[in-house]
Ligand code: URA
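Taking the form predicted on its own, here's one chain by itself in C-alpha cells.
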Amino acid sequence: MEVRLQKFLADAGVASRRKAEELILAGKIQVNGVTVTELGTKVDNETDEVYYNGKRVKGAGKHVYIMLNKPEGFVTTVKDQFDRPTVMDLIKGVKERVVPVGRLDYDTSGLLLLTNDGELTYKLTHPSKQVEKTYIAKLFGRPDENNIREFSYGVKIDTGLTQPAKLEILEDLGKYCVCKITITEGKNRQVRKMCDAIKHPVATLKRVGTGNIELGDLKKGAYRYLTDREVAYLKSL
C-alpha cells in the first residue's frame, strides 16, 4: 500500500512527521536511488527502497511506547553535536529505534515519552492538541495572586504570549516555594521563561505528568514500557 513519504518515515521511527518533512525538503531522503524533495511523494512499503543518511529505512514494525524519568544533565535528542549525554544513552536495552516525544531541557528532569509511532508523536506535539504537561517547580521567592492570575491569562515571553496556564503553590519554604505548574504548549524552556517573566526564577524543575500519564515512583534514569491502557489513552487525545 502506498503512503506519503513523511508518514512512512514517521512510522518507521526516523523522526516525527513534521521533522520528516524537513528532512525531505532538505534533500536528505532517497527513494530507489533518487533524492526526493517533494512532500507529496508516495512510497510502497513492499517495493520501494527508502534511504536516510545512506542507510535503508525499514518499514514500521512493532510500535513501542516508553516512559523515561530523565535526569538533569542529559539532552533530549538522538545524537548531540557536542557529544553530551543524551536520553538515548539511558535506554540502551531497547532494540527498536525510538525518538523522544517533545523535549525536556538539559537542566530539567522527569517524564519523557519515547516511541517509534510517528503518528502519535505528531499528535502529542502538535500545538492544536493542547495536551497538558504538569511540572513540579522549586521557585525563588513566592508568587503572589497577581502572578497566579497572570499565568491564568498567559505570560509574555520572548516568543510572544503563552496560552493560559496554571500555577499552584504547594509549599512555602521561606526563600523558596514549591509549585505545580501546568501548561498546554511545548515551547523551548517555556516554564523557565514564564517564571523568569514573573520575577520568580526556577531553582529546580521536574515534569511529572503528560495528560493523565503520571511519572509516579519511577526512579531517576529508569524507564518502563507504557501499559495498553496508557497507550490507548494517548491515542484518544
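Quantities reported herein were computed from a predicted structural model and do not represent experimental measurements. The numbering used is simple: start at 1 and walk along the sequence shown.
What comes next is about the form predicted in complex with the ligand, which is not displayed.
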Could you work out which of Asp80, Asp105, Glu96, Asp89 is the residue within 4.5 angstroms of the ligand in the model of the complex, going by heavy atoms?
Asp105
Using a 4.5 Å heavy atom cut-off, which residue among His200, Arg192, Lys28, His63 comes into contact with the ligand in the model of the complex?
Arg192
Among 153 to 161, 115 to 123, 97 to 105, 80 to 88, the stretch whose residues bring a heavy atom within 4.5 Å of the ligand in the model of the complex is 97 to 105
Given that the ligand is not shown alongside this chain, does Phe74 nevertheless sit within 4.5 Å of it in the model of the complex, heavy atom to heavy atom?
no
Are any of the heavy atoms in Leu68 no more than 4.5 Å from a heavy atom of the ligand in the model of the complex?
no
Taking the shortest heavy atom distance, is Leu205 within 4.5 Å of the ligand in the model of the complex?
yes
Residues in 124 to 145 close to the ligand in the model of the complex, defined by a heavy atom within 4.5 Å, in order:
Tyr135
